[in-house]
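Only one chain comes next, encoded as structure tokens, the form predicted alone.
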């Protein structure tokens, strides 16, 4: 494998590996180490399929079921479409309810931070991409924590924060009643530590609703301050997708967001899986 850094804070492009083939133990070990070091990994020109992506996902841990399908119907689905494609001929436009619901992904977030056991990594593969727009942006909450002064770090180190999917997503579209009932707010550590290298990061994003034990006004002031500090334009890496791109990102320490595209004009077909974390953050 060949590794090329993408940003001063995080990210690497990796070539010389075929993710659609079964990975050897030493390759999995190397990729886990790269995730710990770089947080976001880009693999261009991958010849992926749903079957290969599911096998790849299982190489890194337990696949995480979609909270949307499970919340609405109780069905466990482990791979889903990020985009507007229905089949080879049909797509959803801007007015479609599912298109509107997916606009919640344009808010800075960490996947599944609203679950008791949040995600380890997300794996996203591009099949069709719009000619304009549709980029994904990433920032490192690890680098943001490092940039805080020592007093601020000490002030937030022992705090806990409630993450709430309904609080976040109702900003862009209604949430199905069954889905909402399946995802009550959960308490997470505000500052997490990578178990492999001991590096700390804070853990907020759009799902972060309030600080446990604080008033709403005080909570929002701190959470908004931390989110804004992490997502300054100079700290972002923006990826313009090409068909065949596969990206891993570490949900423990990275925030990401979509930038939007015109669903009336363009097709977007990307497939996503996630690997469940190893435990609740309060026990880290």
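None of the values given here were measured: they were computed from a predicted structure. Residue numbers count along the first chain shown, from 1.
The form predicted in complex with a small molecule exists for this protein as well; it is not shown, and the discussion that follows is about that form.
Enquirer: Can you pick the one in 201, 168, 119, 105 that has a heavy atom within 4.5 Å of the small molecule in the predicted complex?
Expert: After the contact test, the surviving option is 105.
Enquirer: If the cut-off is 4.5 angstroms on heavy atoms, which of these, 183, 82, 190, 162, is the one near the small molecule in the predicted complex?
Expert: In short, 82.
Enquirer: Would residue 249 show up as a contact with the small molecule in the predicted complex if we use heavy atoms at 4.5 Å?
Expert: Contact check for residue 249: yes, within 4.5 Å of the small molecule in the predicted complex.
Enquirer: Given that the partner is absent here, does residue 124 sit within 4.5 Å of the small molecule in the predicted complex, heavy atoms only?
Expert: Within the cut-off, so yes.
Enquirer: Please check if residue 269 has a heavy atom lying within 4.5 Å of any heavy atom of the small molecule in the predicted complex.
Expert: Although the small molecule is absent here, residue 269 would stay clear of it in the predicted complex, with no heavy atoms inside 4.5 Å.
Enquirer: Although the small molecule is absent from this view, report whether residue 136 comes within 4.5 Å of it in the predicted complex, heavy atoms only.
Expert: Residue 136: yes, in contact with the small molecule in the predicted complex.
Enquirer: Thinking of the small molecule in the predicted complex, which stretch from 67-75, 107-115, 141-149, 202-210 has heavy atoms inside 4.5 Å of it?
Expert: That would be stretch 107-115.
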